Each structure stands twice: as C-alpha cells, then as structure tokens.
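In the block that follows, a single chain appears as structure tokens, in the form predicted on its own.
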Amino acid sequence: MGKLKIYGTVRSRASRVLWLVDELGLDYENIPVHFADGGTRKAEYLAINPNGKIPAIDDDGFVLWESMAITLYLAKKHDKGLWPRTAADEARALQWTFWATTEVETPIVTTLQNRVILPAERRDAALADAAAKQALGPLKVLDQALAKTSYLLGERFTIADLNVSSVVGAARRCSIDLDQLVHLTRWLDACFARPSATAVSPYRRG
C-alpha cells in the first residue's frame, strides 16, 4: 500500500487535514505545494487538482480534493473514535461541517485577510469590521449549541469538532471578539489543547 500524500502547507486549509492524520496516527507524506509561489498552477499539481487549490490527497491512487471532503473521508476510513456512532450523529456531523463552510468561513477569512494577511496598504478596515460583525451572528448559534454539551455531538471530540474548530479558530487570529461567547471559547480551548492540534497552533488562545 502506498503512503498517503497530502498536498498543501500548514498555513492553509491543509492544516485541518494534517491535524486529522496526526489524530489518527497515520503514516503520510506532506508535499508542501503553495499557491503563493505558483505551485498550485504547475501542470503536475493541476493533474492532481485541476482547480489549482490546496489541499488535495493521493491515498494509494485515490485522489481527492476539498479539505472537508478529505477529513470526512479519512475519519470514516480510519475510524478510531472520531467518526459518529449513529446515522443521526453522522448527519449532524455533516450539518455542522457544511454550516462552517457556508455560514462562517467567508466572513472570518475576509476579516483575516484585511486585518492580518494582506499588506497594510491593501487592507480595508471597514470591510474587516463588517465581516467580523457578520461572523458573530452564526457564531452565537454555535455558542448556544455548545451550552448543552461539551462537544458538538455530545461528550466526546469527533470529526465535527475538528472540522468546525479549524474554521472558527481563525477568528482568534484576526481578533474577532469572542469574549461573550463563553461556551464557544471553552470548546475552542478544549479542541486546540489536543496534542494533535499543532497544525492549527496559531488559533490557540493567546
């Protein structure tokens, strides 16, 4: 069996895949393709992901892209406790994963770009502030859900928590104010305290 190959860098959505494979204890090779140096537009990478984006994986000849699809696939294939135990919980894991990408990722990324990533002269402070405010609406929904349980599916950490925290955690890096969301911050701290969360260490508290 060939070694799992993960294309991408820690400072990208590949971080959630790298976090997961460490959780699962998988043997893998990280191939550091990066968009900033044109690596994602090279012919050899476009043969892996014709969209020219990271991450992607090659799992012994099975090629897959889109980070959340990758994490769901690997968590289910190598079930070591992170995959939901019932059909209802599997549906909720998918619900929260899709929610993270449709409701909060765009405003958080917009805030991150305009407060941290872009050169100072290209940042739009008003856009960042508006995006941060937009993110707080769905983040309050998450906070309310976490008032009832330790993790999204109950009392144990699952792929739902990994996927959602890997998106929401970026709010800390771009100074979105989470102080009033006490259940969410408690949950984030628990997620990022896991030893395998080193791939997303910039999102830890502090």
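Residue indices: 1-based, along the sequence shown. All figures in this text were calculated on a predicted structure; none of them were measured in a lab.
The protein also exists as the form predicted together with a small molecule; that form is not presented, and the subsequent description refers to it.
K.L.:
Decide if the three candidate residues 41, 52 and 67 all line the small molecule in the predicted complex, where lining means a heavy atom within 4.5 Å.
P.N.:
Result yes, every residue of the spot touches the small molecule.
K.L.:
Please tell me whether any heavy atom belonging to residue 28 falls inside 4.5 Å of a heavy atom of the small molecule, as the geometry stands in the predicted complex.
P.N.:
Answer no; every heavy atom of residue 28 is more than 4.5 Å from the small molecule in the predicted complex.
K.L.:
Given that the small molecule is not shown alongside this chain, does residue 151 nevertheless sit within 4.5 Å of it in the predicted complex, heavy atom to heavy atom?
P.N.:
Close contact is absent here: in the predicted complex, residue 151 is far from the small molecule, nothing within 4.5 Å, heavy atoms only.
K.L.:
Just to confirm the contact call: exactly one of 169-177, 54-62, 136-144, 154-162 touches the small molecule in the predicted complex at a 4.5 Å heavy atom cutoff, so which is it?
P.N.:
Selected stretch: 54-62.
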